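Just the one chain here, the form predicted alone, laid out as structure tokens.
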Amino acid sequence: MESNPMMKTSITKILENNRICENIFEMVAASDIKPLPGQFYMIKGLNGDYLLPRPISVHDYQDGKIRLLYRVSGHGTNQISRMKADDEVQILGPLGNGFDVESLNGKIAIIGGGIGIAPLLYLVKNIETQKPDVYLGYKDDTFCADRFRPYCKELTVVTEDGSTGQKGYVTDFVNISDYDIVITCGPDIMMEKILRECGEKNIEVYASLEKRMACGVGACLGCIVNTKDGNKRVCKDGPVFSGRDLTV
């Protein structure tokens, strides 16, 4: 699906910025542009001492409010996590190509790993053909899994240490052959396994890729990924790619 031509840069006040669990935070801010499932925003605090904004996926959107779920993984996101309600933040977006939800027909599996679950809730809420099965994998601490329950047919939660749900890796609990379409976002090793299996079984698959970005609009070429048609920009040509286009 094409990028939203209504993207813009704006300064807005943070409505909420809460810690969900260790290193996982959720920011809520006002936005008068409705994003597409799978899109993201570039976020930067006005008083931070870091130069570049950080890409954060749209976790949900409702009543003019965007929810942005993110992991603290460096200096920039650490400073963003320290911002409070009523602090001002610069947001650029919505950016990137989202999921074409109108083309998602048949039996669907949604597979997320770690912070890769972030863009999948808004997607699941917008699939209207039939409720998908959702598989969520975590290392140990689980977060936001219950938010998926009202919008999916079956929810399977997996932790590597077995502290919640099934024990193991999320890919061990998905029978790919049961589905017409598979959608995934998470660690590269997880998505590569899913893409490879779907390719072998000729099952349609879409992956939302996660890359470090500097600009978010395709100018800096800092988020290049190799595809069967050459190098593509995750921020501009993605982050959602068809598995048919990706090399694994």
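One rule holds for the numbers: they count along the sequence shown, beginning at 1. This structure is a prediction, so every number in the text was calculated from the model and none was measured.
Beyond the structure shown, there is the form predicted in complex with a small molecule, which is absent from this document and is the topic of what follows.
Thr184 near the small molecule in the predicted bound form, any heavy atom under 4.5 Å? Thr184: no contact with the small molecule in the predicted bound form.
is_contact(Leu209, the small molecule) in the predicted bound form, heavy atom dist at most 4.5 Å: Leu209 belongs to the contact set for the small molecule.
Contact between Leu52 and the small molecule in the predicted bound form at 4.5 Å, heavy atoms? Answer yes; at least one heavy atom of Leu52 falls within 4.5 Å of the small molecule in the predicted bound form.
In the predicted bound form, does Tyr61 have a heavy atom within 4.5 Å of the small molecule? Taking the distances in the predicted bound form, the answer for Tyr61 is no, it never comes within 4.5 Å of the small molecule.
Met27, Ile33 and Pro94: each with a heavy atom within 4.5 Å of the small molecule in the predicted bound form? Per the other structure, none of Met27, Ile33 and Pro94 touch the small molecule.
Position in contact with the small molecule when the complex is considered in the predicted bound form, options Gly106, Gly162, Pro150, Gly74, heavy atoms within 4.5 Å: Residue within 4.5 Å of the partner: Gly74.
Tell me, please, which stretch of 76-84, 126-134, 164-172, 97-105 lies within 4.5 angstroms of the small molecule in the predicted bound form when heavy atoms are compared? Contact-bearing stretch, as computed: 76-84.
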